[in-house]
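Next up is one chain by itself, shown in structure tokens, the form predicted on its own.
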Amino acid sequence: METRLLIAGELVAGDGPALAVENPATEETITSLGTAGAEQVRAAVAAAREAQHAWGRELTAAERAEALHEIAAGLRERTEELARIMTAEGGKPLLENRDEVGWTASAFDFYAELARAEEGRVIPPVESSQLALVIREPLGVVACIVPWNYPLLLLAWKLAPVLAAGNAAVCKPSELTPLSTLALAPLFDHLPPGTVNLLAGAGEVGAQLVDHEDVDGIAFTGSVATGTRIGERAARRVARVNLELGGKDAFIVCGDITGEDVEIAARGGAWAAYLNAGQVCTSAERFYVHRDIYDDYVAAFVAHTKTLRVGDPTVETTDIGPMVSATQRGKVTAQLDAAVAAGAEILTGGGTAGQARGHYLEPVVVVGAPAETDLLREETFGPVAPIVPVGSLDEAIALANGTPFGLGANIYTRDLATMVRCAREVRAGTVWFNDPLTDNDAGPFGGFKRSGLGRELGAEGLHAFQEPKHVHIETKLEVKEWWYPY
């Protein structure tokens, strides 16, 4: 596995503190690598600054597009290798990681083509002898700070539009999952050296990037607490930020979901709650089910949850692997313990699935949790589904909007009027109806309220890394009648 950093087109050993990378399924150390020292961070930013002119100013959008398509092709060629690295360091099942590589490649392909048509626009001039343009220029150097749950996909959601817009990048993956990102280094060989730099390290490396005067923008996915600190530090020097932060997504099941539809909605709910052991930014973490179908829904949900296979993520038939770390598992079980102490009941799950080692947590179904518990208020980020009965759609929408978060929401209904109402009234960046967690490269992704600032994906994701410039051209060289003297 690659353990060297990519700086200015060269692979170099990190000269900062050593970082041990753990396999969460076995608790064994995969490897140890050197993190980026302060001088290496500065060197990476300097390399990006130098490369940005060649990449973003000298190449056309069409030439950059071809380079991005080449990255996408390289990802697909190395699907198995990258998927196995991600499974080893992150614990997500191998099947899901193969999918992640494919989604990552798709993001590069999407932005390769979008950037060809997103250079700017012509606007009406003030006078007939004039030409007025709005052109979009690259920011310059962007720091991409990426979490551990989808290390390649969430990197691509930043890096692909960053590059398509003509910027250079310095990328820092999570200290829990650096290996898959470092393994990408050969895919950037055809770019001007320094266009993409890959560093490893923990929070101190990220802080150096955020504070660096030559970093023009910061794209971050992670916790609200860290994102808030990044926003505060970036504001001191007025650097651009794009923040995708926490979520506490609601999952509403309306009263018109009856009969066989209850089983479908239960299976969709389990997928939304337990995908990647619940470690998804848009995991369903609060279920609001109409009282008329509540008992049937809970029964179907529990029955389906008990069929899910928890275990070795390298086995093709495994549904749910381990959580990423002991710390993350501990946060989830602490929320569960507090909810049970407050009166909640666990109907199934919560054990280790018979695994002697590894950070396993069997998927949990919880009922009776009081509304004020953290289980229904704060982000869980684990395989837990708290299910709450509601008496009306009004109550469900009020509860869905009743937290400081607004990343995503899911609604199951066959009624078009209900869909239209929820689409308008649910305060979330993405609202899915009858199809949980399906991403679309062409649609913006991000959150309301404390779930973040800005958007990734879509044209919005490209514009996040561009600076609009108004260009005013007068073709007549003449004295204007409104100039001095009055």
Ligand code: NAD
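All residue numbers are counted from 1 along the displayed sequence. Nothing here was measured: the structure is a model prediction, and the numbers come from that model.
The same protein has a further form, the form predicted together with the named molecule, not shown here; the description that follows concerns it.
Legend entry - Residue among I397, A88, L407, A272 with a heavy atom within 4.5 Å of the named molecule in the model of the complex: Exactly one listed residue reaches within 4.5 Å, namely L407.
(Q) Quick check on this chain: which one of T413, Q335, T221, N167 has a heavy atom within 4.5 Å of the named molecule in the model of the complex? (A) Residue within 4.5 Å of the partner: T221.
*asked:* For a quick test of understanding: in the model of the complex, does each of L154, R229 and G246 have a heavy atom within 4.5 Å of the named molecule?
replied: So, yes: the whole triplet contacts the named molecule.
- [ ] Determine whether any heavy atom of A207 comes within 4.5 Å of a heavy atom of the named molecule in the model of the complex, and answer yes or no.
- [x] Answer yes; at least one heavy atom of A207 falls within 4.5 Å of the named molecule in the model of the complex.
With the partner left out of view, is T403 within 4.5 angstroms of the named molecule in the model of the complex by any non-hydrogen atom? Looking in the model of the complex, residue contacts with the named molecule do not include T403, since no heavy atom lies within 4.5 Å.
Contact between A202 and the named molecule in the model of the complex at 4.5 Å, heavy atoms?
Yes - in the model of the complex, heavy atoms of A202 and the named molecule come within 4.5 Å of each other.
Q) Could you tell me if G358 has a non-hydrogen atom within 4.5 Å of the named molecule in the model of the complex? A) Heavy-atom contact with the named molecule at 4.5 Å: absent for G358.
- Interface stretch in the model of the complex with the named molecule - options 142-150, 315-323, 185-193, 121-129, non-hydrogen atom within 4.5 Å: Residues of 142-150 come within 4.5 Å of the partner.
message = Pick out the residues of 171-193 whose heavy atoms come within 4.5 Å of the named molecule in the model of the complex.
response = Going through 171-193 in order - heavy atoms within 4.5 Å of the named molecule in the model of the complex - the hits are K172, P173, S174, E175.
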